[in-house]
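Next up: just one chain, as structure tokens, the form predicted on its own.
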Amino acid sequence: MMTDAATLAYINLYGILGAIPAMLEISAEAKKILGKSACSIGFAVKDGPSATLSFAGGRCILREGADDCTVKLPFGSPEKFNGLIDGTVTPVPTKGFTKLPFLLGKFTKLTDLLTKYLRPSEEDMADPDFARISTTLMFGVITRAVCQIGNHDRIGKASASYIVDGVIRLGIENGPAFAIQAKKSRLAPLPKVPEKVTSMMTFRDMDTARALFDGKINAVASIGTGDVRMAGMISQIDNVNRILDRVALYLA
């Protein structure tokens, strides 16, 4: 089996919807949509992930668990939740009917904008500011997806089991950077990149990173040309790269 629904649900919740907080930090358009509205939306997936997006003061945070929320959206299976993300399932809230205007209005507009950033047209990418935001958000999605695949996907877990404990830094030169903590074969994205890391992989620039994300250039070849640099414990990077190969399957 190439992919599984449960792993995809974790990616969709923590990777895709988990990009909304960052989008509100770096996109003026997203900030304008949200304004000062406040609401918390809990996603509870049977046999899958559970988390809440909390909006307040023009910002958003994602936290685990869906018990403390103003709107609760239950899903009977990972497949049902994945249907929400691909637009084939319309959930019925069990809590927070008075907040439906926010759910159907501002939240839907935010997810539509996120889709525009994550699946941009060539015309959109011709705008340097849009391209910067799009690539930064996609980089974050990929980093979080690596963690979810390493923790839940059968093949990804095998690769994660070989990653020694430590922190892996993934970054773009003069651009955004993210960090993954490996501990006892479990992977977790860190909110900030620590000063000391065990290994790092750095893309030469935004264009190189985007070309790699879009599958237009080969990662191994890019290492040979110097467009991608590695340092520190290379075995960590090697196994993260194996998991990265799985990311494309889930995000296709």
Partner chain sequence: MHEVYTYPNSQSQFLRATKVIPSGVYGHLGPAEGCFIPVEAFPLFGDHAKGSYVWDIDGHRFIDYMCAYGPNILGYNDPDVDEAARKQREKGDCMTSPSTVMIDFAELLVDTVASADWAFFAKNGNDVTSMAVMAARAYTHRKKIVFFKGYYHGVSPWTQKIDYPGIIEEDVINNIYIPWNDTQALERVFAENRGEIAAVIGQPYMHGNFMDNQLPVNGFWQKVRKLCTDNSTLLIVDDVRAGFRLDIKGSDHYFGFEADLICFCKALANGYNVSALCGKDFLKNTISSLSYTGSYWLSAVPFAAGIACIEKMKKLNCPQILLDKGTKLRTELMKAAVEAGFDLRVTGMPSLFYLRLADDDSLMLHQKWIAECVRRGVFFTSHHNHFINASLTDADIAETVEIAKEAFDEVRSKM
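Residue numbers count along the first chain shown, from 1. Please read these numbers as outputs of a predicted model, since none were measured by experiment.
Not on display, but discussed next: the form predicted together with its partner chain.
Though its partner chain is absent from this view, in the predicted bound form it lies within 4.5 Å of a heavy atom of just one residue from Met206, Met200, Leu62, Leu212, which is Met200. This chain lacks the partner; the member of Gly35, Pro191, Pro194, Gly226 within 4.5 angstroms of its partner chain in the predicted bound form by a non-hydrogen atom is Gly226. With a 4.5 Å cutoff on heavy atoms, Lys106 does not count as touching its partner chain in the predicted bound form; it lies far away. Using a 4.5 angstroms threshold between heavy atoms, Ala28 stays clear of its partner chain in the predicted bound form.
Taking the partner from elsewhere, Thr136 is found to have every heavy atom lying beyond 4.5 Å of its partner chain in the predicted bound form. Contact annotation for Gly232: at least one heavy atom lies within 4.5 Å of its partner chain in the predicted bound form.
The putative spot formed by Arg154, Arg242 and Asp245 is fully lined by its partner chain in the predicted bound form; each residue has a non-hydrogen atom within 4.5 angstroms of it. Of the candidate stretches 41-49, 183-191, 213-221, 66-74, only 213-221 has residues with heavy atoms within 4.5 Å of its partner chain in the predicted bound form. Counting a residue when any of its non-hydrogen atoms is within 4.5 Å of its partner chain in the predicted bound form, there are no hits in 5-42.
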